[in-house]
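Shown below, as structure tokens, is a lone chain in the form predicted alone; questions about how it binds or moves come after it.
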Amino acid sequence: MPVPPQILHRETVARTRLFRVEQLELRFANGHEATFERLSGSTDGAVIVAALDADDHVLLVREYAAGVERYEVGLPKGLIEPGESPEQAALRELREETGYGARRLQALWMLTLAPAYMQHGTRIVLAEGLYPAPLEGDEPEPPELVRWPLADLAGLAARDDVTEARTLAALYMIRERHQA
């Protein structure tokens, strides 16, 4: 396994409400020095919740995605707040976005997006034993609940409004685990 490069200097070069852009001066084991920039978000990370009901349908939400300027269907997700465990964050997000709670929550795998440029991880949390438990969230409009059979992921992936990689990866991983 290669030796990670030494960080010679780290500097925040831009900041917004959600993100920081960091510049890293690195020295690699072979002596080569390079400058990298990365998007740095919450240090606690985020969760994406795969909530399965008793009929093996997954709970999805349709909400506005400003990054692509349209409504998207995906799994409930959000940042882990300071002091929260992934399971606590998942339960909060599930209740806020779908109106359901879960009796069983299990944090499973970690996913990253563009790890060469982003310092951010999203934990996949499986939620089962669902029950009605709405909680007011911070969304500007209530997300629309969409139930989808876990067995028909190909049909879900074929939809024009389902493009988020974390949602699709999480669901395929959950389906494989569920069938085992």
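A residue's number is simply how far along the shown sequence it sits, counting from 1. Please read these numbers as outputs of a predicted model, since none were measured by experiment.
Although not depicted, the form predicted in complex with another copy of the chain is the subject of the following passage.
Undergrad: Is there any non-hydrogen atom of residue 175 lying within 4.5 Å of another copy of the chain in the predicted complex?
TA: Residue 175 belongs to the contact set for another copy of the chain.
Undergrad: Going by a heavy atom distance of 4.5 Å, is residue 28 a contact of another copy of the chain in the predicted complex?
TA: Flag for residue 28 set to yes.
Undergrad: Consider residue 72 of the chain shown here, and say whether it contacts another copy of the chain in the predicted complex, taking contact as heavy atoms within 4.5 Å.
TA: Residue 72: yes, in contact with another copy of the chain in the predicted complex.
Undergrad: Would residue 32 count as a contact of another copy of the chain in the predicted complex, using a 4.5 angstroms cut-off between non-hydrogen atoms?
TA: Heavy-atom contact with another copy of the chain at 4.5 Å: present for residue 32.
Undergrad: If you look in the predicted complex, which residues in 162-180 sit within 4.5 Å of another copy of the chain (heavy atoms)?
TA: Contacts from 162-180: 163, 164, 165, 166, 168, 169, 172, 173, 175, 176.
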